[in-house]
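Next up is one chain by itself, shown in structure tokens, the form predicted on its own.
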Amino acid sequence: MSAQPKVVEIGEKIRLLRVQTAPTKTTCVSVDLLMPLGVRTAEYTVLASYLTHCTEKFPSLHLLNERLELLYGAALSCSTAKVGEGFRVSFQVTCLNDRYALDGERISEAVLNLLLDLLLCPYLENGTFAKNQTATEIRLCIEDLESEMNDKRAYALRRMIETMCQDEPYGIRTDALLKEVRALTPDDLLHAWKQLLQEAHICVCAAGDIAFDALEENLKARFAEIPRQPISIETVFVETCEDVTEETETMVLNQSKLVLGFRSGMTSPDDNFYAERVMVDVFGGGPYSRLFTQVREKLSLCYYCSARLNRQKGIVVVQSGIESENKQAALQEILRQLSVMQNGEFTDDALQASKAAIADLFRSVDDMPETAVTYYAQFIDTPLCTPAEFIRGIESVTREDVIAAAKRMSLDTVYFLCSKEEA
């Protein structure tokens, strides 16, 4: 069944997405807030964790978990992410469908109230964020940021982005973020929380078999008294690069990482997007792609090699795991495969396989409330695009579109992470 999404403007830059899906056992509700990247990013990173662990009504994680258990074992999660040069804080709860509750209880309404309590009614002591709880959240945040060093693939990707976008907000450095996190105080969190409510772009997404009208009225009432001055969020798109930046870093590891950053030529998230998406997939997506069939399988230059488009920033990243002595050969072959794309030497079978694979990913979006929320919540303040519309856009891409998209690609950064013994 295809969902029937509806956009309701609750207030200034406050949006409700109503997604009616086929009846399932679960319902999913999320609240997403978007702020400019680099503006209190450290505060919002810690704040996201704090707000998920306690509220005014439930001042400890134990009490909050007891409330979730009473809501038939509802599952609460929180995440943060860069979205272009915006910073998104996302809260999400999955719960039992109202129709399965005892005595006609509206679990979805209770879950929404809990989410809004997390955001609007935090646990405070003496008018500010609790000192001990703040210290705990800062420690957890530091541990989380430092643990990325244990995942060398994620670390290499992050370091390439920091190098490639060092003069852009998107290139915010983790070491700088850690320094800011360590210096935070309860009052810093209080000021950040107030600013978040006043200035963020807010999207509430509810998916499932829900009494949407009641949810809508509840939202309007809860946000009615909050003074709003939403801030503008803009992302810098660098179309091309003339000079290639190369950086090598060493550490103790078993497998070297080669990460390449390309400028796609995009000037906005919608600029030639469908052609870019298909081109990157034929280049380095599925098992039919050039990087997989040629660089990894035929020439055995990499343990893995794949490409990914970051639509919100207009960059393409190629990640590979290699033996250090294969660096130059792997780099040359990856660039040669890009030339193959630019010259239109890829097969029709690969093009059709790519379009079919991408379309299949989105045909199941509306099957479950959780996947529906994950998809629709990305449209915080942009026009809604249904999975069906997305699929039509992908299917309309031609060979000529893919070639043109490949020709706009330019290499910006080569980042190499290798073992100290091999440097």
Partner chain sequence: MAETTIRKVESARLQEFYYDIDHRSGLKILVYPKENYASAYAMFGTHYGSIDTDFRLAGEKAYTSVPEGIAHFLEHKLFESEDLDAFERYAKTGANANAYTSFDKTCYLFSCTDNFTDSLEILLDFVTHPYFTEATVQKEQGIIGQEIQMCRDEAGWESLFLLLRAMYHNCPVRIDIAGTVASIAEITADLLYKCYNTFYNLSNMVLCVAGNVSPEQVLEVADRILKPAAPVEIERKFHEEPREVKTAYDEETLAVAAPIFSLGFKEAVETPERALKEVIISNLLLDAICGKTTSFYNELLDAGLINTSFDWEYFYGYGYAATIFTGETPDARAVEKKLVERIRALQESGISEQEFDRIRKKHYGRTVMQFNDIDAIANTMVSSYFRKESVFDDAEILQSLTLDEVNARLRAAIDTDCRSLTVIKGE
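Since the structure is predicted, the reported quantities are computational estimates derived from the model, not experimental observations. Residue numbers count along the first chain shown, from 1.
As for the form predicted in complex with the partner chain, it is not shown, yet the points below apply to it.
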property: Heavy atom distance at most 4.5 Å to the partner chain in the model of the complex, all of K6, P169 and G261; result: no
property: Segment assignment from 234-242, 221-229, 73-81, 180-188: heavy atom within 4.5 Å of the partner chain in the model of the complex; result: 73-81
property: Distance check, D381 to the partner chain in the model of the complex, heavy atom within 4.5 Å; result: no
property: Contact of R290 with the partner chain in the model of the complex (heavy atom, 4.5 Å); result: no
property: Contact test in the model of the complex: V39 vs the partner chain, heavy atoms, 4.5 Å; result: no
property: T267 within 4.5 Å of the partner chain in the model of the complex, heavy atoms; result: no
property: Contact assignment for the partner chain in the model of the complex, among E125, D349, E246, E345, heavy atom within 4.5 Å; result: D349
property: The unique member of M251, A154, A211, C121 whose heavy atoms fall within 4.5 Å of the partner chain in the model of the complex; result: M251
property: Within 348-370, the residues that have a heavy atom no more than 4.5 Å from the partner chain in the model of the complex; result: D349, A353, A356, A357, D360, L361, R363, S364, D367, M368, P369, E370
